[in-house]
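Form predicted on its own, single chain, as structure tokens, below.
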């Protein structure tokens, strides 16, 4: 679910302007999973543009407090959401922690970095949602540490059915600044893509794991 339509459209346009989101239906990318995709999203690029990162942190801050109440702690999912999560925590005057994909294999073997007490209310910040698996692993780590996870916010989601099901099963509310549907609407309106390319992108989103498997592609990590 998006916070609101205006924010979704503006966020989509900002991400397209700085090439944080690239749309290339004619020469698809290859994701790390092996999926062929006409879209690639790297929201870490937003950190290099102060006006855009400030817009994101402020939209996150006001909307997450409105939705979940002011939490005790902001948690970022490593590594993509560490930067923006820290900005949100700073703006709200809150403590910050981040969650690794798995515990370190040396030292204190932490999976959660920072100071977190049992029973504290936490909102998780993520940069991008695809299937939701890695994001929900972070949520599980926080719960195991005794945190009360109020919900998760993310910059962008592809809106895959599998992600919707995963968050539903985990009983975690997810709210995003923008999503795939609003991105496509904005991209056509601003002529980033044609209506024909929009249809290709819609087809991809229905079955991304099997789409265009024979195509040549631009490989990305």
Ligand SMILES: O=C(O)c1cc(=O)[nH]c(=O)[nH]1
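Positions refer to the first chain, counted from 1. Since the model is a prediction, treat every value here as computed from it, not as a measurement.
The protein also exists as the form predicted in complex with the ligand; that form is not presented, and the subsequent description refers to it.
When you look in the predicted complex, the only residue of 64, 184, 41, 174 with a non-hydrogen atom within 4.5 Å of the ligand is 41.
Proximity to the ligand in the predicted complex, taken as a non-hydrogen atom within 4.5 angstroms, holds for one residue of 55, 49, 68, 31, which is 31. Within 4.5 Å of any heavy atom of the ligand in the predicted complex lies no heavy atom of residue 180. Although the partner is absent here, residue 149 sits far enough away that none of its heavy atoms falls within 4.5 Å of the ligand in the predicted complex. Of the heavy atoms in residue 192, none are within 4.5 Å of the ligand in the predicted complex. Of the heavy atoms in residue 130, some are within 4.5 Å of the ligand in the predicted complex. Only one listed stretch (122 to 130, 88 to 96, 140 to 148, 68 to 76) carries heavy atoms within 4.5 Å of the ligand in the predicted complex, and that stretch is 122 to 130. With contact defined as any non-hydrogen atom lying within 4.5 angstroms of the ligand in the predicted complex, 158 is the only contacting residue in 152 to 170.
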